[in-house]
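Given next, in structure tokens, is a single chain: the form predicted alone.
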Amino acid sequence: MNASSLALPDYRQQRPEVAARFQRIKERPVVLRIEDLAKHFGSGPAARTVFDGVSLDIHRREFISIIGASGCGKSTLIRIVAGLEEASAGRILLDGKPVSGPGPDRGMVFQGYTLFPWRTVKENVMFGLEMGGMDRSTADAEARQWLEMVGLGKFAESYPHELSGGMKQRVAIARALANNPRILIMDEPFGALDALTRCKMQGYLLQIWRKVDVTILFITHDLDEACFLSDRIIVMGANPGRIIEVIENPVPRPRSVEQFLTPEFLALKQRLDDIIHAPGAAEAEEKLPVVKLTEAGDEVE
């Protein structure tokens, strides 16, 4: 039996406590404002529009996930938010000020761990603090506090190669948060982890988020992950990229793995699946030429 065979509620239906929480979120200040953002590559007949007309307001301490088919511009969008690329049109405002280039007010966590292998775990977390002008003894104390926050205090003097994948990613999160960013930008941060570790990391991230005054912008291809973590889910379509729908997550907080089988969770996941895999939503599968390279016999059917 799957979700499509069940009598599920409307994914827009919210319990009173969920509706009340969203009302409180909407009363918070807007931390990040994206206005009519567009990104084009090339010019003339060869020009390609990655996305166009993207607008979104994100409130303080929201957890926003962006999902969509490959090629819809998710990663390009957050790279522009991070200041790593320039938009072709539109603008991004952080606390009312235009974003121009990278800055400590935006932390970034990639799918790869991006840790310095020659530095200890503590020194990796200290790096951004020292680059920002903090003296070494203060940076040392700050780094230890963040490592305790992510549950890695006893590994402060270890090197990255001595850690598991999940532990490395927790170090990367601690390093990003150590600069006290307004926005934590995460691009498929758990995509390289095995299923069990990924599930644990999702739980760790929610625990950390509850303790830190930070807004999270999270890219994922995993529908369960988006349903489990997010306040709102931004669904993007491709060719060109655009926002198809903004969904308020009906699953109550605090979240637990037991909620994966609740009607609200299944209804939300079904809606996301229907949008992303709707007929015509993806390009037709590219047909590869069949080239016989051996005398092995007939083609496999």
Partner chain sequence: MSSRDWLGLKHELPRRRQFMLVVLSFLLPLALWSAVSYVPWLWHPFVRVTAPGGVDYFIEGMDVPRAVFAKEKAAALQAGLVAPAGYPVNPVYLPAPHKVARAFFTAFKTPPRLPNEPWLHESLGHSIRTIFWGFVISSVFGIPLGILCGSYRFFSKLQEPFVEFFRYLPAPAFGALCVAILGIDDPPKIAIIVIGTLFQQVLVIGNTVRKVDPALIEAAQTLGARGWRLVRRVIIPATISDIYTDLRILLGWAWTYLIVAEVVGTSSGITFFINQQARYRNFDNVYAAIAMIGIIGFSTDMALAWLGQYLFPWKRRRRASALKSSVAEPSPSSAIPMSIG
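Residue numbers count along the first chain shown, from 1. Not measured: the values here are computed from a predicted model.
Keep in mind that the form predicted in complex with the partner chain is not shown, yet the notes after this line are about it.
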query: In the predicted complex, segment of 86 to 94, 68 to 76, 100 to 108, 224 to 232 with a heavy atom within 4.5 Å of the partner chain; finding: 100 to 108
query: Site check 220, 258 and 269: each within 4.5 Å of the partner chain in the predicted complex by heavy atom; finding: no
query: Partner contact for residue 212 in the predicted complex: the partner chain, 4.5 angstroms, heavy atom; finding: yes
query: Interface membership of residue 146, the partner chain in the predicted complex, 4.5 Å heavy atom rule; finding: yes
query: is_contact(residue 163, the partner chain) in the predicted complex, heavy atom dist at most 4.5 Å; finding: yes
query: Touches the partner chain in the predicted complex: residue 180 (any heavy atom, 4.5 Å); finding: yes
query: Within 4.5 Å of the partner chain in the predicted complex: residues from 141 to 157 (heavy atom criterion); finding: 142, 145, 146, 148, 149, 150, 151, 152, 155
